[in-house]
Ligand SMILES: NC(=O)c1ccc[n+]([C@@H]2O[C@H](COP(=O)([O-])OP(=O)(O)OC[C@H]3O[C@@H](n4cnc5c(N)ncnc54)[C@H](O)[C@@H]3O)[C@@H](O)[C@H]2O)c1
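Quick setup: one chain, the form predicted alone, written in structure tokens, and binding and motion questions come after.
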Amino acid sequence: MKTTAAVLHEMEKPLPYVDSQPIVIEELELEGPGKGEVLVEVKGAGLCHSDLSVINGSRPRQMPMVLGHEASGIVREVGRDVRGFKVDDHVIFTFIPSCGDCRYCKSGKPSLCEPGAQANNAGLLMNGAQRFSRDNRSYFHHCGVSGYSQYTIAVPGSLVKVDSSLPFEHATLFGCAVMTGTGAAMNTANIQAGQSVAVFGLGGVGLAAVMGAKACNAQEIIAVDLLDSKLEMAKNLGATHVISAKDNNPIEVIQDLTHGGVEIAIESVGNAKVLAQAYESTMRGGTTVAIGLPHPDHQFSISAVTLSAMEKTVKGSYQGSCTPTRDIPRFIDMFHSGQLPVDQLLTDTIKLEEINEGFDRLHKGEVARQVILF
């Protein structure tokens, strides 16, 4: 069948993207679904920094690639031996496919699925397939999703079935922003009522972490960013204090506010220097959680003695340490009950043809989340 998709052929094109046009809208051939595969009509797809990091070369990937890893849609066809999904099911994609059989999946850590990670790094579906092509040239998949396409093929381990009443512009946000940010707060950090929390970086994921801290009844929630507009959004989502990193040293301000540092600091920028700031902002016995994805060459440097002498902890969080089939429905329930105001993360809805301009806005920090509606 034919599908219209947004394709990246070359990384590191110059800004602004509205001029250099790194993403090209093309009509592609989409094969399948084959055995154990599902054809999904994509209805919503979010613009996230993880996609931007591929465009600007911070996360090198194979080209050409159909980008998009945060998406929702409707099942249109199922291949042989597919269980748990049927035509017309509404689904949210997860950006780490889960095999269910590796040591991580069996131990309740599907976000660390080994075959899923290997497939994502190779730009393939978890079964090794490539289903997009043009003029007999195969195109790579992004995170097993490739949500910037009207139609896409996924394996069941990349999908979570959800209620059809959830609007697609909101459903889409649960696939990355909410799962990653709120999941980091609730699962990885395991924030307890009354604790003090700082969140560094207030994109869609960081703001979702603020929401998560609020839902956990943290007593102090300190939000840090360079942009006043993001700080204002954080206040609306539950931050008790905001710090402009443009005008202040956040470490000094946080240590002063909390008399020695926060119990939990969450870094969602993907910057090693900011991660070090988050670490320095934690108290003795505190925990720093890293969500962001820095360039693979960047190194994180801290005083080694503080790990033992101050009993500090540094933890990584990928996909919010979530089990998607458990946590996405849980977070949706919290949205419906008013505990997670996910709709406030949505800055704008755009058309597929506006994608380059949308990534310019994301690069400038002007938006939390933009969602392409098909």
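What you see is a predicted model, and the numbers here were worked out from it, not measured in a lab. The first residue of the sequence shown is number 1, and the count goes up from there.
From this point on, the text means the form predicted together with the named molecule, which you will not see here.
At a distance of at most 4.5 angstroms from the named molecule in the predicted complex, none of the three residues Ala5, Ala45 and Gly68 contributes a non-hydrogen atom. Contact check for Leu352: every heavy atom lies farther than 4.5 Å from the named molecule in the predicted complex. Contact annotation for Leu227: at least one heavy atom lies within 4.5 Å of the named molecule in the predicted complex. Although the partner is absent here, Ala171 lies well away from the named molecule in the predicted complex, with no heavy atom inside 4.5 Å.
By the criterion of a heavy atom within 4.5 Å, Phe93 is excluded from the residues contacting the named molecule in the predicted complex. This chain appears without its partner; in the predicted complex, the one residue of Ala234, Val262, Val205, Ala278 with a heavy atom within 4.5 Å of the named molecule is Val205.
Proximity to the named molecule in the predicted complex, defined as a heavy atom within 4.5 Å, singles out one entry of Ile291, Ile222, Ala189, Leu125, which is Ile291. Note on the interface: of 35-43, 323-331, 49-57, 336-344, the segment with non-hydrogen atoms within 4.5 angstroms of the named molecule in the predicted complex is 49-57. In the predicted complex, the residues of 270-290 lying within 4.5 Å of the named molecule by at least one heavy atom are, in order, Gly270, Val274.
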